[in-house]
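Given as structure tokens, the chain that follows is alone and in the form predicted on its own.
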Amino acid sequence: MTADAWAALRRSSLGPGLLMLLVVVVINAVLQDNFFGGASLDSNMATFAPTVLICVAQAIIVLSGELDLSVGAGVSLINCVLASLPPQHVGGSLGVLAIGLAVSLALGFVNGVLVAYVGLPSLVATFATGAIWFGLGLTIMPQPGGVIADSLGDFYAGHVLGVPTPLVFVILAMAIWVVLARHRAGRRIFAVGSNAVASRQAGIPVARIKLMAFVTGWGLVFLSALAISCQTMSGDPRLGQSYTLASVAAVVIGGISLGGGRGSPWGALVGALVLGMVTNVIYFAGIPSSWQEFVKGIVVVIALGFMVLEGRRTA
């Protein structure tokens, strides 16, 4: 790495996250003989994809200056919808997907309206709606069960033009962000997240931009729920409980400011990979799974420490 590249990496908010990723990749390579083998990479990508997708969704919302604590419960609700709908009565698997996507976008729309137009704090509003999404999931499916159509499971386990489908999902999510970031709406998300008052004075429709961030994010939450559902092939109203914390943790590790306006969903991608790799380390090192959340918490604290130090350095 050249001196200029190293200096650029140090200035980037993504630097600490990339350093953490490098460390856990090395540890994984030591613990797993076939870590860089094709089968291992495919398996890891299929496992990490749901987390990556929901973390990128959270990142888009955070960049707009808000936070969504209902994404995990939303994943559970969408999973229950996908597993409970009889394909033969809704137009086949495509009908099931269409209904699942509509539900996801509706959940994001409700959160966006409550935060952007009603004016509720996002922490409180999405904490409350998360309880509602969880209750709806329990109403649809009181106990784990239901069935995901075999065609969806086969699709997720297969390839698209030679590329593993989970990787296609991740590429699609990042492509959506790349397109959005180059559009005026994407630049406005950064502006609103940085300073909503100044943005409003500059004529930017702040409420509409925040609503768009929520709805866009929940489009990716649907992909995450679909990926998880295709792995489990059944429904579970508690399936997504751990994903809310993971999405916030990945945002922090990826150097995205929780105050909004600074960072990139690429950071969330790095953060999600770090969390996935940490889980691998715990498993292959023979550490009891009960330590998993503890270790993840330590990683997040380290990332927060980096952010504080970087903030002091640039102040």
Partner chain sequence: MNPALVRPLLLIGISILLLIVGQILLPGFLNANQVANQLKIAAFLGIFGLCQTIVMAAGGQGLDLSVGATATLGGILGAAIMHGSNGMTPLGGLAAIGAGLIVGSVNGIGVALLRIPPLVATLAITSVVDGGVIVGVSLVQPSNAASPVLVTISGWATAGVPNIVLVWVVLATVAIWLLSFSAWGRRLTDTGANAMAALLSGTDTTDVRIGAYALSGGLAAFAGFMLTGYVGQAFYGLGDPYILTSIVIAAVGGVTLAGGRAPYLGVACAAIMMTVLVSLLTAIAIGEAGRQIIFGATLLGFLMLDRCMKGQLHKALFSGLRPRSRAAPVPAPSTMTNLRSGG
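It should be emphasised that the depicted structure is a prediction, and the values quoted were computed from it without experimental measurement. Residue numbers count along the first chain shown, from 1.
Same protein, other form: the form predicted in complex with its partner chain, not shown, and the subject of what follows.
Asks: In the predicted complex, do 136, 201 and 304 all reach within 4.5 Å of its partner chain through at least one heavy atom apiece?
Replies: Yes: each residue has a heavy atom within 4.5 Å of the partner.
Asks: Can you tell me which of 126-134, 85-93, 174-182, 225-233 lies within 4.5 Å of its partner chain in the predicted complex, counting heavy atoms only?
Replies: Selected stretch: 126-134.
Asks: Of 258, 285, 26, 41, which residue is found within 4.5 angstroms of its partner chain in the predicted complex when only non-hydrogen atoms are counted?
Replies: For this set of options, the contacting one is 258.
Asks: Please determine whether residue 187 contacts its partner chain in the predicted complex, using a 4.5 Å cut-off between heavy atoms.
Replies: Taking the distances in the predicted complex, the answer for residue 187 is no, it never comes within 4.5 Å of its partner chain.
Asks: Answer with yes or no whether residue 165 is in contact with its partner chain in the predicted complex, where contact means some heavy atom within 4.5 Å.
Replies: Because no heavy atom of residue 165 falls inside 4.5 Å of its partner chain in the predicted complex, the answer is no.
Asks: Hey, in the predicted complex, does residue 277 get a heavy atom within 4.5 angstroms of its partner chain?
Replies: Flag for residue 277 set to no.
Asks: Given that its partner chain is not shown alongside this chain, does residue 248 nevertheless sit within 4.5 Å of it in the predicted complex, heavy atom to heavy atom?
Replies: It does: once its partner chain is placed as it appears in the predicted complex, residue 248 has a heavy atom within 4.5 Å of it.
Asks: Could you pull out the residues of 272-300 that have any heavy atom within 4.5 Å of its partner chain in the predicted complex?
Replies: Going through 272-300 in order - heavy atoms within 4.5 Å of its partner chain in the predicted complex - the hits are 290, 291, 293, 294, 297, 298, 300.
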